[in-house]
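Next up: a single chain in structure tokens, the form predicted on its own.
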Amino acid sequence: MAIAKKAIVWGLFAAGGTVTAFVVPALITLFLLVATGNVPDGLQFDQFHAFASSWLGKACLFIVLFLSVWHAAHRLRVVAHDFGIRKDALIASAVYTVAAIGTVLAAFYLLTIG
């Protein structure tokens, strides 16, 4: 029996879409609060830096970034196909390469928080 590799890709795509759908609106709301000067007590720089410096915080942030980037890459691939660009191998390699670079950069920058 052959192993279906599409299940892994679709699983990451679905997980990324779900995480993005829940987390991004909350982040937008929080950033709007910060931009207007209404910073909630738990989101002061010191508290957020302490969270991002911990291994749990780094892991949570990495998972959100990883899933969102790969979801966006697959979504861009589908959008290119919908616009009539039929060079699927080229588009797939381009968007997934950018997603891989984004993942590596996210890991690098999260590891430098200290």
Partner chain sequence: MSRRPYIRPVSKTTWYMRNKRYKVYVLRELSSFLVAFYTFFTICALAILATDSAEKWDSFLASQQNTGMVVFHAVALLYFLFFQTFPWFKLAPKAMPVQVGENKLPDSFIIIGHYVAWVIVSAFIFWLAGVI
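Positions refer to the first chain, counted from 1. Predicted model only: the values in this text are computed from it and were never measured.
There is another form of the same protein, the form predicted together with the partner chain; it is not shown, and what comes next is about it.
In the predicted complex, none of the heavy atoms of Trp55 sits within 4.5 Å of a heavy atom of the partner chain. Interface residue remark: Thr18 is counted as part of the site for the partner chain in the predicted complex, having a heavy atom within 4.5 Å.
The closest heavy atom approach of Lys87 to the partner chain in the predicted complex falls outside 4.5 Å. Heavy atoms of Ile28 reach within 4.5 Å of the partner chain in the predicted complex, making it an interface residue. Annotation for 22 to 44: interface residues with the partner chain in the predicted complex are Phe22, Val23, Val24, Pro25, Ala26, Leu27, Ile28, Thr29, Leu30, Phe31, Leu32, Leu33, Val34, Ala35, Thr36, Gly37, Val39, Pro40, Asp41, Gly42, Leu43, Gln44 [heavy atom within 4.5 Å].
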